[in-house]
Structure formats: C-alpha cells, structure tokens
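A single chain comes next, written as structure tokens; it is the form predicted alone.
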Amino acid sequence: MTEGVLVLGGGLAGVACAQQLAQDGIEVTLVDRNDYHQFQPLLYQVASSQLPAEDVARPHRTIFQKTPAVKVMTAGVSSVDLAAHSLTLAEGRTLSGSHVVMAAGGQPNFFGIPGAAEHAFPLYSVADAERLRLQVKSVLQEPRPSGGDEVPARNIVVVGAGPTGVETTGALSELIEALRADGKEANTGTVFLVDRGEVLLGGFSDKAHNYAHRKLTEAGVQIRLGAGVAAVHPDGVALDDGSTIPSRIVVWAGGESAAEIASAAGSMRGAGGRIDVRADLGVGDLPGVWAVGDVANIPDGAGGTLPQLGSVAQQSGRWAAQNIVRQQRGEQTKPFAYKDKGIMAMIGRNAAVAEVGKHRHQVDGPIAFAAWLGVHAMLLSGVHARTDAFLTWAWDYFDRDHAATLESSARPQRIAWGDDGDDQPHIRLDKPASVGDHTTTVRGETHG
C-alpha cells in the first residue's frame, strides 16, 4: 500500500473516488459528518412520502465493508489546509495524507433573500427531505377549524423550476391528488411552482419546456414564471411583482452553492462558491489537491463548466482517483473526459422527459422514464449490490397509482434492497429555528 489519500465527503463523488483508489491498492481515509451516503436524486420521493428516508441513505460502513483499504471516519471537519494536505476535525485531531480530495458537495443558495434561510425548506439532504415530509404531514393533517376555511395556508410553494423543483412539484401534486381521491384531505390547498425565468427546465429544449408545463398544469399546479421571490415569511411568499402566495410550506429548489468548507480553497473559488479546477480536476498550483462533484467548477472543454449532476459527480470522483494513481506511478495526468448520459427529469408518476445522445434527442413518457431509470440504476450500483430491487420498485411506481398516505395508515412502499436489517443509517434531524416543533423517529432513534 502507498501512503494514504484523504477524501472529504461521502457522496457520489467521494465514494466513487475512494472505491477507485482502493481498487488500485491505495489506502484511503474517507471523512464525512454523516455515517451514511445519501442518494440525492430520490430525495423528492422521501419528501412526498413515496419512500422512507432510510431507503435513500446507505451506511458507509456497509458500502466499504469488503474494502479494507478504505477507512471511514464519521466526523465534522472544522478546517482544511490544502497546501499541507490536512484536515482538522471538529474534535481537534488533524489528519494528513499524500493527497486530499475535496468532495464535500453543495448546500442551498438562498441568494440573500430575506427569510428564505429561516422559513423555506431546502431539499439537499436526507434530513432536509425528512423535515419537509414532516411539515407537509403536519400542515395537511391539521383539522379544519370550525369557524373558517384555511385552504390558502395549506398551499405548497416550490421555488425553482429546474429538475429538482419540477420533480418535487410533480410528486407533491400527486400526493395532494391521492389524498383528495382517498377523501382524507378534502381541504388541501394548491401547489405553486415559482421561478423568475420564463420556462420550466431551463437547460432543456423548448419541447421539454412545453411538455413539463402542460403535464404540471394538467395536475393542477399553478405555475408563476417571470416573478422572483422577494421574501419568505412564516405564512407565505412575497414575489417581486408585488403579489403574495399564502403558504406554510415553501420548498427551496432555487439554487446551489458549494459547501462552506470550500472556502479553504481561497482564491481558487469561482461561481457558486465552488472550487475552480484544472482540466485534470487538480486545484490551482497545489500539487496533490483535487476537487470533484458539486463542490467543484469542472471545465466542460468548451469554455464552460459541467452541471451539478450525479453522473458528473460519480465520474469525476473516479477520474480524480485515476489521476492520483497516474501520479503515484510517475505518469502524466489526463484531462477529465465526461461521458454525457443526457439530462432528464421525472415530472410525475406517468410523465418524464429526457434528452439523450450527442444531439440531445428528446423522448418523453415511458421511454424517458426508462432512460431516467437506467441512469439512476447506474449511479446506485456504486453503493448497492442489488439494483434489481430499485428497478422493481421504480417500475411499480410508474405503472400503478399508489395512493400516498402521509403515513397516516401505513409506511411508504420500500425498496427491497435486501440489506442487513440491523445495519442502518443514523439520520439525525437537527431542528432549524422555524421548521416547526416536530419530534420524529428515524431508524430507532428519536430526534427533536
């Protein structure tokens, strides 16, 4: 074994990097504040009660249980010294390595909008998704007061019309419709989708814009385009066109920036607070320092940067590991060559859109869903030995009208991963000041 590599972050990029390094006989220390890997593309399913939180969180110890070259440390990191290849843990201990790979991911970007950080619910982690699910459950299950109609307060506002916002909007509108169909929540409000842009799914084609708009409108969603959010209040959203939308459920999908720890990169930080990297994923003139996934601005070879996608994160993690191995062997590093899987979004149970291939051929409906399914199964294969369970669950979700229950009578349908039932993630819900006074149990632990 050669001298160990430090990998900061256990998401798609960090896990892929650690796995690739281990395959080449290099010892790795993977550091993450959580003891689990979270699969972000399915967080909206947790928020809308279609999946339990533990189904999209897999313990790092399980992922690497047959990979002795990877040592997992569950710890917060207080500072990073990139030049020294060292991490200082919150407990005070310092770790050093031959290389350091920054794979710390992203966080919501509220753009300084008043009240957004305090009152909106972001959707960037399993804990975020679970907190949002609890808020939806709490608000929609409140009994109707005898003296009046509080339907407007039960509105749901989703901010941001990119893939996360569109997918979340579609799932929540399905939830509302399922509750109404079951006669459980006849006084639910309306789902709103708000964006200052002029189209949904801005990075997609005009055909995809129109398809998403039509499908969400058919599902009863009120779409407000060309109006940004001016402020978020405990009981609603103020738009910059002077209008307001009453709501106690505001979902924030309006932007992403790098994790705060990216500040260690100093002058190498660029758009979104992310770390600017060279074509080979190295950082500036710092030898042995790499940045991958959502924490990095990765060149696309045409003067721009690659988007924050799961496939970009996973592939960049592996590529950085391969370049580290090349350096260990005295070879030249190679520029990152991204294999584009296309862009896609799930709009609803029987509606999806995908643009695939070099010329971005668009498909929708079942074919698009199959493309979405294939890409996500490939991403999951890095952390789950059995992706057939995911395929079975997803096709069942697509084909059948499962009435959402908000756990009022049953748990959401599970993905039958077949993992050890005792080997579970510890999902802790720290209660933000304005999220509400909820206490929940996730995998046997009570959190308030």
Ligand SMILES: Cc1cc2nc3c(=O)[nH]c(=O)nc-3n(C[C@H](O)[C@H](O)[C@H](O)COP(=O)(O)OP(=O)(O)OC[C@H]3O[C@@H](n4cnc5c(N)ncnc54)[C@H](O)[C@@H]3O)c2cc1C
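As the structure is a computational prediction, the values presented were derived from the model and not from experiment. So that there is no doubt, residue numbering starts at 1 and follows the sequence shown.
Another form, the form predicted together with the named molecule, is not on view; read the next lines as being about it.
Between 232-240, 191-199, 326-334, 305-313, the stretch whose residues reach within 4.5 angstroms of the named molecule in the predicted bound form through a non-hydrogen atom is 305-313. Using a 4.5 Å cutoff between non-hydrogen atoms, G76 counts as a contact of the named molecule in the predicted bound form.
Among heavy atoms of H376, some come within 4.5 Å of the named molecule in the predicted bound form. Proximity of R33 to the named molecule in the predicted bound form falls within the 4.5 Å heavy atom cutoff.
In the predicted bound form, the named molecule sits within 4.5 Å of a heavy atom belonging to Q38.
Just one of G273, G282, G106, G97 comes within 4.5 Å of the named molecule in the predicted bound form, counting any heavy atom, and that one is G106. Proximity to the named molecule in the predicted bound form, defined as a heavy atom within 4.5 Å, holds among Q135, T164, S257, Q322 only for T164.
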